[in-house]
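The chain below stands alone, shown as structure tokens; this is the form predicted on its own.
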């Protein structure tokens, strides 16, 4: 298993005290205006005055890049700031911060690279790009003197990456393990509590917006492996791409499996786990596992996520919260934006 070592994956400006009362403006460009993008928009509109008062910064949406200009929007936005011209918006020198919310890999990767190279801060929720390109993107951000933030890429609103950064700085992390995909956790919860089959649980998860039309990324475990790659980078400073992580999904789990698990005091959860071995290598895997019904993971229901972090000095630390849905993800994006404001 090949790895790339990062000496310090933390990129953060720790300045949090406003030294000047003069208000200045920061302009934001949103790339992608789907459920997460509109959620971010709503929060920014609601919090704009509060941010101005707290940080002395007036946030302005300088542009919104979309694929379909005539698509009906669920929020009222000035048509003058909506564009389908990625190049023009990226070339706008007045833009200070880019929010990459388009998804996918290569188009989003190019967008992030160009924005960082143009000395713009970047905030993204794109775990697919990060899982494959994180060390290189961090290097570009370093060279350009800007920040790359991506709290929303893993576990939605749960601040797992910041917690790992802080624990790694002052302690030694030996293992991380948890439920990091809310969609599959919703399916498994339905199967466990309602006694229904995998095939019957799938449509309900899709109806509630936890699954895409093609659910394969979630149910195969691939999404969890991408997130685990990002978690490993922060926990252990090593980059392990998703294809190097042993991964098994939930497609083969049956109602009978849950019946047998319950008879022994267990349930079944899709767990992403990574541990630091004595030789310095990281062993990583994503797979369904039997979990005692008394364990926190067994009681992590529906779209919620939970991560347990084992440390040498502080012992086990547990983080818990919503890991799927537009507003938890939007909340994490705005949390990263606040980190940028603190550094200005």
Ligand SMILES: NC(=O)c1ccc[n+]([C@@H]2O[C@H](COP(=O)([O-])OP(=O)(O)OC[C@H]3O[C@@H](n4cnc5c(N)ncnc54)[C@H](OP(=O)(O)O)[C@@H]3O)[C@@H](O)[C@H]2O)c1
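Positions refer to the first chain, counted from 1. Fair warning: this is a prediction, and the values are worked out from it, not measured in the lab.
We do not show the form predicted together with the named molecule, though everything after this point is about it.
query = At 4.5 angstroms, heavy atoms only, are 37, 103 and 212 all close to the named molecule in the predicted complex?
reply = Judged in the predicted complex, 37, 103 and 212 all sit within 4.5 Å of the named molecule.
message = Would you classify residue 121 as touching the named molecule in the predicted complex, given a 4.5 Å non-hydrogen atom cut-off?
response = So residue 121 does not count as contacting the named molecule.
ask   = Should residue 291 be classed as touching the named molecule in the predicted complex when contacts are defined as heavy atoms within 4.5 Å?
value = Taking the distances in the predicted complex, the answer for residue 291 is no, it never comes within 4.5 Å of the named molecule.
inquiry  = I'd like to check something about residue 200: if you look in the predicted complex, is any of its heavy atoms closer than or equal to 4.5 Å to a heavy atom of the named molecule?
reply    = Contact with the named molecule, no.
In the predicted complex, residue 160 touching the named molecule (heavy atom, 4.5 Å) = Close contact is absent here: in the predicted complex, residue 160 is far from the named molecule, nothing within 4.5 Å, heavy atoms only.
query = If you check 28, 306, 284, 65 against the named molecule in the predicted complex, which one has a heavy atom within 4.5 Å?
reply = After the contact test, the surviving option is 65.
task = Identify which of 152, 235, 131, 187 has a heavy atom within 4.5 Å of the named molecule in the predicted complex; exactly one of them does.
result = Selected residue: 152.
ask   = in the predicted complex, which of 137-145, 265-273, 112-120, 69-77 comes within 4.5 Å of the named molecule (heavy atoms)?
value = Going by heavy atoms within 4.5 Å, the stretch is 69-77.
ask   = Of 119-138, which residues get within 4.5 Å of the named molecule in the predicted complex if you count heavy atoms?
value = Heavy-atom contacts to the named molecule in the predicted complex: 125, 126, 127.
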